[in-house]
Ligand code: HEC
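Before any questions on how it binds or moves, here is one chain, the form predicted on its own, in structure tokens.
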Amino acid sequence: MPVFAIAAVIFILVEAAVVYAAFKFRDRGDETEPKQIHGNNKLEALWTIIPALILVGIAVPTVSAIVDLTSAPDDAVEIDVIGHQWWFEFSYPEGITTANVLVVPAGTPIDLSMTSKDVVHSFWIPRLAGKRDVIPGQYTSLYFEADEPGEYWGQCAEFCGLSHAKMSFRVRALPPAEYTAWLQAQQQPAVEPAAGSLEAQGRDIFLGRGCIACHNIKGVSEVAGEVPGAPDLTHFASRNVFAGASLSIDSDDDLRDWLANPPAVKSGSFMPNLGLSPDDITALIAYLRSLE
């Protein structure tokens, strides 16, 4: 606000001077030139010193605000962010790993430490914070705070390959008590489906068709090593979007299209077409939706 006030005063003075000069020194047909002031040392020194003082005055609150916006307080919630082609992975100190949906407590400072596993991405939550590059082999940080509970949309803002446009994410800000409950729920292993149920059939397909080679589900499959483009699915159904937040978990059509042929839905997807039958897909959808 102080910078805005200074800019407003300068704008008014400059516009007033322009209007005054336009009328005072307009062509009246007498072909005489106004008095020239070139070489007036006093005036030139004056209009050099005044802008310098204004810039100093603007620099003080600007630098102070930059420091405040980029320095997270000691009580900030620390979360690691990893960019993949084409989704964001979020890891919490409590041992929780999720994807596409960043859950945070509302009214609490959030300190993100970000890097990339492949190419340069850019992490951007328009309503909460500015853009910040996510770079392979380096760590960048971003500090923000969601004042009110709600869902905020985010997007990768750096072209990163075929499905860059579909590399979005959500920030879900919860009241502190709900956030604590979410943390506790996320630390639990995957729900065990009832024997003989459609969900159990889906789990067997998940284990038998190669899904466990890439995707981790706590208590069901533990992936050895790092596999690109493979989100943790332990609590898949607790999120409302998947595939870089471009598809809805609540949509049968989205889930069915994705499981039938991922590369056709999201260009360049690392998840291959597994040749699943319609019945296999139905069982897998039931199982995935049980992972709350």
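Since this is a predicted model, take the numbers as computed values, not measurements. The numbering used is simple: start at 1 and walk along the sequence shown.
Beyond the structure shown, there is the form predicted together with the named molecule, which is absent from this document and is the topic of what follows.
Asker: Any of the heavy atoms of Asn100 lying within 4.5 Å of the named molecule in the predicted bound form?
Answerer: Because a heavy atom of Asn100 falls inside 4.5 Å of the named molecule in the predicted bound form, the answer is yes.
Asker: Evaluate Ala286 for contact with the named molecule in the predicted bound form, applying a 4.5 angstroms cut-off between non-hydrogen atoms, and reply yes or no.
Answerer: Judged by the heavy-atom cut-off of 4.5 Å, Ala286 is well away from the named molecule in the predicted bound form.
Asker: With the cut-off set at 4.5 Å between non-hydrogen atoms, does Cys211 touch the named molecule in the predicted bound form?
Answerer: Cys211 belongs to the contact set for the named molecule.
Asker: Evaluate Phe270 for contact with the named molecule in the predicted bound form, applying a 4.5 angstroms cut-off between non-hydrogen atoms, and reply yes or no.
Answerer: The answer is yes: Phe270 has a heavy atom within 4.5 Å of the named molecule.
Asker: Identify which of Phe169, Phe206, Phe123, Phe90 has a heavy atom within 4.5 Å of the named molecule in the predicted bound form; exactly one of them does.
Answerer: When the named molecule is considered in the predicted bound form, the option within 4.5 Å is Phe206.
Asker: Has each of Met114, Ala146 and Tyr152 got a heavy atom lying within 4.5 angstroms of the named molecule in the predicted bound form?
Answerer: Answer is no for this spot.
Asker: Pick the stretch from 33 to 41, 52 to 60, 65 to 73, 238 to 246 whose residues have a heavy atom within 4.5 Å of the named molecule in the predicted bound form.
Answerer: Selected stretch: 238 to 246.
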